[in-house]
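Here you get one chain, nothing else, as structure tokens; it is the form predicted on its own.
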Amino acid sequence: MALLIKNGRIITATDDFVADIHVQGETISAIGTGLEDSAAEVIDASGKYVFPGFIDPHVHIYLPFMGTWSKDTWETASKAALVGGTTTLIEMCCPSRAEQPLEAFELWRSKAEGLAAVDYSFHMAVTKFDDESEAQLREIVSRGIASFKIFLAYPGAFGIDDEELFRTLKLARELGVIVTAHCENATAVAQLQGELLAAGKTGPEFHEPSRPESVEAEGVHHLMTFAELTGAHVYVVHTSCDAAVQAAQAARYRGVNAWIETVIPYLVLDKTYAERPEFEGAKYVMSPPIRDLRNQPILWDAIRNRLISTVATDHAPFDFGDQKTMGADDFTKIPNGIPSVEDRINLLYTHGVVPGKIDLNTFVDAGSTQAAKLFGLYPRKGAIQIGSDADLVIYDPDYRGKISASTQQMDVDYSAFEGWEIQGRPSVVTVRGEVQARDGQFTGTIGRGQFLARQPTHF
């Protein structure tokens, strides 16, 4: 059935106007005023915004990590994403060093097939680099993966050494693949963790001091040096602080092709949350850690100036009751992650747009369009154009409500934002022309999501 969205205020990364949108099949077929189609389902968007479907370019859904597994499946994560306005997810495929890349890629993809209600793709993590893995990485790129992921942290699990880093970036440059990177100095982290634990400092409040801002900034600087040497295009994930942003910006000034991502927890939380008593702080342990409050206005300014390209989540859902407690006597054993795929867009709107920290165009750019452009999806995704996929979010700015674990779709036993008020939420969300969510409820089809094969664009 065709779909006709009437009288909405259409907001893209660059435009702001009132018009109708006609959808035929899976794509946008017309944009204009006074559009009619007697056979179409009509949605009146008067008084509401119409955004392109939001894209979260950094999620973990299936994730073996620190002796346990993340809680969400693609079914629960899809539902959560959709009620929050996100229509496309790019998951980190993260095998251990003992696993073969191609086998891991097939495993991660199998977890989504038949369960995803959003469209999806993957960043392929390079957790070792030798002749065999190089051949398999080439094959994975030929199958539609146009981005790698590397860790300059977690040695022995996901982390790579400098020779592997250099060879990965060289391959990426040859293939036109962008490399997304977790930037911390693993050696410094290990030394600081050891000193803190030896001093009896075992609680979650010591997670941030074990991975201070300087350690993250040094990791960014290290990556940028290798990117400069190889000519690779790089994307720094979950950037948490001023020092790390400055390190990336300094490299850009030198001509390095680099982009910056931050994630929603860094914009609305600060390190005092991880210092909450009775182990409550464990709910807020992620890496890099949430930082001192002084970093927040700097991050918001960088988004407004479009120095930071994207706002993602690093969604990594672990239960508080029986997973986070694995680190009750040792903060280094707390599974890292703050579940937020459901809340990202509402928090970004409530704490960014409403108080005037960012405007609506920047909101769309950071939440959707830049991810589409950087990762080979634009203008199929991240746009409201004739021929683009009809991934649309009709957003009600007058809605008022609260976030709660009792009503969330994420399969996790707590919310990091319990009781927080939100101003605005999606009222209708479509994926390729089909309504998948209405007014905070999933109404769509499990398994309808498609794998998005992407072509390398970073030559």
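The numbering used is simple: start at 1 and walk along the sequence shown. Here the structure is a predicted model, which is why all the values come from computation and not from measurement.
The form predicted together with a small molecule is left out here; the points below concern that form.
Trainee: So the small molecule isn't shown here. In the predicted complex, which residue out of K373, R344, H238, K128 has a non-hydrogen atom within 4.5 Å of it?
Mentor: Checking each option against the small molecule in the predicted complex, the one that comes within 4.5 Å is H238.
Trainee: Though the small molecule is not shown, can you say which of A217, A316, L299, I384 has a heavy atom within 4.5 Å of it in the predicted complex?
Mentor: None of the other options qualify; the answer is A316.
Trainee: Each of F148, H222 and F226 near the small molecule in the predicted complex, meaning some heavy atom within 4.5 Å?
Mentor: Contact check failed for every one of F148, H222 and F226.
Trainee: Does Y399 reach the small molecule in the predicted complex if we count a contact as any heavy atom within 4.5 Å?
Mentor: Close contact is absent here: in the predicted complex, Y399 is far from the small molecule, nothing within 4.5 Å, heavy atoms only.
Trainee: How about I308 - does it come within 4.5 Å of the small molecule in the predicted complex, if we only consider non-hydrogen atoms?
Mentor: Contact check for I308: no, nothing within 4.5 Å of the small molecule in the predicted complex.
Trainee: Classify Y154 as contacting or not contacting the small molecule in the predicted complex by the rule of any non-hydrogen atom within 4.5 angstroms, answering yes or no.
Mentor: The answer is yes: Y154 has a heavy atom within 4.5 Å of the small molecule.
Trainee: Would you check, heavy atoms only and a 4.5 Å threshold, whether Y62 touches the small molecule in the predicted complex?
Mentor: Contact with the small molecule, no.
Trainee: Quick one: which of 52-60, 413-421, 27-35, 390-398 gets within 4.5 Å of the small molecule in the predicted complex, going by heavy atoms?
Mentor: Among the listed stretches, the partner-contacting one is 52-60.
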